[in-house]
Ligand code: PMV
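Only one chain is included here, represented as structure tokens and corresponding to the form predicted on its own.
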């Protein structure tokens, strides 16, 4: 059995989504693939299955598999630690491959179990990554149930409503700073600010309002407005304290070639996402300051079971 899932990037709403505000993410045209075969022992890419190296795969097996040992092969076009959801992509592809051995796979079930795999492996998670790579296209996550509702995911008394969002085939560049920051530390830093400062709470609410304002421009392919909202979202994230000197340098370096650019993901390092018609120029500008650039576009394809025996 073979299955695959795309990468993703958060366009609006990171950090604010932790406090119940909406966020928008899109699937990207880079993919992870998983192939599974019955075997005499569990192996991944020729090596014994070990929690230290294969936590996502191991937890997918625990949740979704009751059969014999498996020989598992993985490959990925998605750079790790780049803010493009490499772990969510592998988790969803693995879940889809395992479920497909017993019959037809439902999108909602893949999204739910993919989230459970990430939650179990990381100790905490939002379903935005796994729902986006399951569904493809664009996804809005919100506490409120809105138009184009897809499914609802609950965990420990917290719930998220997942919705489809129409998005054009945006040309994006994900710029990776090369600096790996702890998501947990960044989330905790924002939480302290949020708990003790009413201004921080106002900023979080403004990010939520801005995210909802982005739905119309995305559906109408208004690149100028999308870019402006990305720039404003970036400034609000900077106020929350999750920027980094390298991220600021990266955003500044691509301004002349882009509609907008912002931190994507946890911040403190990591990546930015750039909306541009000049992907090659953006990548050159990023390389000139020591960062990496990945040319990406929106993928309409979510998870896929690509081969059944």
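Note that the rigid core is defined as the largest set of C-alphas that superpose within 1.5 Å between two forms. Residue numbers count along the first chain shown, from 1. Please read all numbers here as calculations on a predicted model, not as lab measurements.
The same protein also has a form predicted in complex with the named molecule, omitted here; what follows describes it.
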| item | value |
| --- | --- |
| The named molecule in the predicted complex reached by all of 83, 129 and 265, non-hydrogen atom within 4.5 Å | yes |
| The single option of 210, 236, 105, 187 touching the named molecule in the predicted complex, heavy atom within 4.5 Å | 187 |
| In the predicted complex, the residue from 183, 76, 121, 101 that sits within 4.5 Å of the named molecule by heavy atoms | 183 |
| 4.5 Å heavy atom contact, residue 17 to the named molecule in the predicted complex | yes |
| In the predicted complex, residue 125 touching the named molecule (heavy atom, 4.5 Å) | yes |
| Residue contact check: residue 10 to the named molecule in the predicted complex, 4.5 Å heavy atom | yes |
| Stretch in contact, per heavy atom within 4.5 angstroms of the named molecule in the predicted complex, of 62-70, 265-273, 24-32, 244-252 | 265-273 |
| Threshold 2 Å Cα movement between the shown form and the other one for residue 179, core superposed | yes |
| Large Cα move at residue 36 between the shown form and the other one, threshold 2 Å, rigid core | no |
| Core fit, then residue 162 C-alpha moves 2 Å or more between the shown form and the other one | no |
